[in-house]
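Shown here is one chain on its own, the form predicted alone, set out as structure tokens.
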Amino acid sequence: MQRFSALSTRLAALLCSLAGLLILAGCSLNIEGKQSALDPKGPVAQNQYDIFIITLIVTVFLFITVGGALGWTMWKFRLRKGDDPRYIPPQTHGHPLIEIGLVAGSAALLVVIAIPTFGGILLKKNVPLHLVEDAIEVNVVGYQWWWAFEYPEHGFYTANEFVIPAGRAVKLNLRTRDVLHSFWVPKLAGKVDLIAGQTNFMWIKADEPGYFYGQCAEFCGDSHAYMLFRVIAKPEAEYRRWVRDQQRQTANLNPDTGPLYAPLLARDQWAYPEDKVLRGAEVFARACASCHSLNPASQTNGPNLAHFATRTTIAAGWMENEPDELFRWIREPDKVKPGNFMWTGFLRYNPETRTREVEMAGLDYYDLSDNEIEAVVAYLYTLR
């Protein structure tokens, strides 16, 4: 029986060790990774990093102090050879000075953590006075499962990637069009939730030009893990040029027929044959234009696609913006991002029939052929 018990103990220890290794396998020691909060690149992220370090120091101190006291007690009062195992030492209620000291010490450590934390909360919600004058404003709206960015001062929208001027504060007004989301760019700032029926606020600032990875940090449905975005910080001159480019129309718009078939880009710069581009414009107008706007000044149920060809990613940051990836994304969006409305379409509730009806059909309804998808790809890459 004892032999079986020892074997069970060893097996349990082995299983615990293997479980620990599996857990550690998901960790990375690279503090400069794409989404590492330990590599701050802005004042908000730096403040939160400093608070983390203070909290880490306090908790390590507590661990060493309490763990050391426990280890010393176990060693000093261990059962020695010749001791009576049935002996119970005199029991006391405790030492008042020690108890008062522990309570006071714990309260002091909490204050040490609470003061910078409270200051960090205020900092995250209020742009410092010396940065207010040059700050820009961006409205952020979360959808299942992508992000819309509006620049109200300049009158245009973009999707899943937004550009900011390095060295200037950016005020973010956060809203959701459906369920709860959470906006998170680890290297620039911590998480802030997007809650239905209200607008939350935060601000970010990139100390230097760079490419910063963000994502939704609140479970929001099937493709929550694929709800990514990018923040691109540019030097001031490049940012201003980008703003001018975004305000320019990428396609002639006709209110009756949707986008005309001749984007403003000179035809000799098209990377695809003209007949394929024109065919793609026809397919886009029929199957895509009801959800996707090509007008940078308007936003519909789907991501705004004005200047699509200048973006670095597709599918809300999940795939690189390359022809093969774009073809796959249009051909099987339901497999790339499960539950995607691009495939299923949008439903609305009819109170008279008490049923859900199709408001906008998805690609499952249109059943595009490979040739039609290739034509749409060609057309989208003329939108510069």
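The shown structure was predicted, so the numbers you read here are calculated from the model rather than taken from an experiment. A residue's number is simply how far along the shown sequence it sits, counting from 1.
One more form of this protein exists, namely the form predicted in complex with heme C; it is left out here, but the text below deals with it.
Student: Could you tell me if Pro303 has a non-hydrogen atom within 4.5 Å of heme C in the model of the complex?
Tutor: Judged by the heavy-atom cut-off of 4.5 Å, Pro303 is in contact with heme C in the model of the complex.
Student: Though only this chain appears here, would Trp203 touch heme C in the model of the complex if you measure heavy atom gaps against 4.5 Å?
Tutor: Judged by the heavy-atom cut-off of 4.5 Å, Trp203 is well away from heme C in the model of the complex.
Student: Is there a heavy atom of Leu380 lying 4.5 Å or less from a heavy atom of heme C in the model of the complex?
Tutor: Yes.
Student: When the contact criterion is heavy atoms within 4.5 Å, does Cys291 count as touching heme C in the model of the complex?
Tutor: Yes, Cys291 lies within 4.5 Å of heme C in the model of the complex.
Student: Which single stretch, out of 295-303, 113-121, 187-195, 89-97, brings residue heavy atoms within 4.5 Å of heme C in the model of the complex?
Tutor: Contact criterion met by 295-303 only.
Student: Suppose contact means a heavy atom within 4.5 Å; in the model of the complex, does that hold for all of Trp329, Met342 and Val376 with heme C?
Tutor: So, yes: the whole triplet contacts heme C.
Student: With heme C taken in the model of the complex, which residues across 305-321 come within 4.5 angstroms through any non-hydrogen atom?
Tutor: Sequence-ordered list: Leu305, Phe308, Arg311, Thr313, Ile314, Ala315, Ala316.
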